[in-house]
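Shown next as structure tokens: one chain only, the form predicted alone.
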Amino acid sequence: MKELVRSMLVGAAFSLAAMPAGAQEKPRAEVMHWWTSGGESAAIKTFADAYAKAGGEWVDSATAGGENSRAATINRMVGGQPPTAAQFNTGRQFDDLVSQGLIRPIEDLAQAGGWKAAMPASLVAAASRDGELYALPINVHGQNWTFYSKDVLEKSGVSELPSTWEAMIPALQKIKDAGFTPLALGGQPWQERALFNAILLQQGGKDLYMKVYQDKDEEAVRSEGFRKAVETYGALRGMVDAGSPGRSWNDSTSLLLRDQAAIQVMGDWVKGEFTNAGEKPGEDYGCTIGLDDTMLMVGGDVFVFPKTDEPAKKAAQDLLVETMISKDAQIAFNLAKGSMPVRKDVDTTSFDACAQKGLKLLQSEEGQAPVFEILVSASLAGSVDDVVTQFWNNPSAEPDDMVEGFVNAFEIEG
């Protein structure tokens, strides 16, 4: 029965594209997203090409910056002029749109296609509301990667990347003394928070990380393990260059590409920039998950589909879902993006050495932890960002200031 329903859904979408021009316009999809860097643009083009090949017309609507793109999407939807589909991160960013009845559930397509069972359960849960899928996960991103310039490490006399933050701090100082930028960081709140969370997960372990963000446990925030992560984070303030404040993540990546900086702690979308520049892992740059390849912070991107009563628009959405989640499109997109396919039933032999590390950890729940955005509300995420960035940008701030900031943010949320 599932196969029959799936055939009917897919057949309906494709038949619209196959009709003569005079009888029916081909499905037209306006897709809003924030992928504007070189690697990101190459990745989204694979989806556009696949949609065109399937008989649809892709209308690209890109806005630089996730917050800007999401705000534009929400304004369009609330104003009654929604796009066909729009990008969000895996998590709770689209909760308000669902509660207002503005998002179309795609559970019928998921059941017909049978592909939901091939996705990580945590990402399915994060994209679902009350048991129904309301967003389409299209990739798996690890957010706690450390990428490094092999050339800079060698010229600085650092034989290998340290596997602990205790050893990393003196190594970064050695790199700084050699005249290079130790840490390539874009001084934006979300980047600063991503750095801190990577440190927290590495030093404190999954148990502490989950107690802080999932349980909002005040005792965990006041623990020595949390304080240690804050101290490590504070020690990195002197390891960035003068151009850090306000810089985009991909401009920070370019410092590694030009062998001017040593490391960047960031999601694996960074790898898309290396790929776009023709750089190869193991040869031109190195990569580790955390610092010791043992725990992957799992998140990703999703697309939501605004609710519509117009058959033509719904058919365009159906075709878009089937295109993005198809095995061939999953491989092409994620190879270009630097991420991993959200489907566990695709052939990943063509993925590079960095991706293979992530794919290995995805085989076990013990080797992964959900990203911050899945665990906290949008309002708490904003409060945490404020606390983390205020500490980062105030050299005189003490670890107690950040600890109390977290406690206060959790109390307000509660």
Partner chain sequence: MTAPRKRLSTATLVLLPFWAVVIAAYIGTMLWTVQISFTASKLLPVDDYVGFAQYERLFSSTRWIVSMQNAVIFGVLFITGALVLGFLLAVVLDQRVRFENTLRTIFLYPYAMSFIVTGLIWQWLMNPGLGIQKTVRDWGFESFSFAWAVDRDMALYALVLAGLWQASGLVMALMLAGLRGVDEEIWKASRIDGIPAWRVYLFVVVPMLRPLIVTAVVLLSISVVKAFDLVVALTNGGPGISSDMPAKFVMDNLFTRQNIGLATAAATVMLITVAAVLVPWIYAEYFRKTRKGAAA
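Numbering follows the first chain given and starts at 1. Bear in mind that the values here come from a model prediction, so they are computed numbers and not experimental data.
There is also a form predicted together with its partner chain; it is not shown, and the following applies to it.
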Inset, instruction - Mark residue 243 yes when one of its heavy atoms lies within 4.5 Å of a heavy atom of its partner chain in the model of the complex, and no otherwise. - result: yes
Legend entry - is_contact(residue 100, its partner chain) in the model of the complex, heavy atom dist at most 4.5 Å: yes
Inset, instruction - Tell me, yes or no, whether residue 177 is in contact with its partner chain in the model of the complex, where a contact means a heavy atom of each within 4.5 Å. - result: no
Inset, instruction - Tell me, yes or no, whether residue 36 is in contact with its partner chain in the model of the complex, where a contact means a heavy atom of each within 4.5 Å. - result: no
Inset, instruction - Answer with one of 389, 46, 368, 348: the residue that has a non-hydrogen atom within 4.5 Å of its partner chain in the model of the complex. - result: 389
Legend entry - Heavy atom within 4.5 Å of its partner chain in the model of the complex - residue from 61, 41, 379, 356: 379
Inset, instruction - Could you tell me which stretch in 122 to 130, 152 to 160, 89 to 97, 302 to 310 has residues with non-hydrogen atoms within 4.5 Å of its partner chain in the model of the complex? - result: 89 to 97
Legend entry - Stretch 67 to 85 - residues with a heavy atom within 4.5 Å of its partner chain in the model of the complex: 67, 71, 74, 75, 78
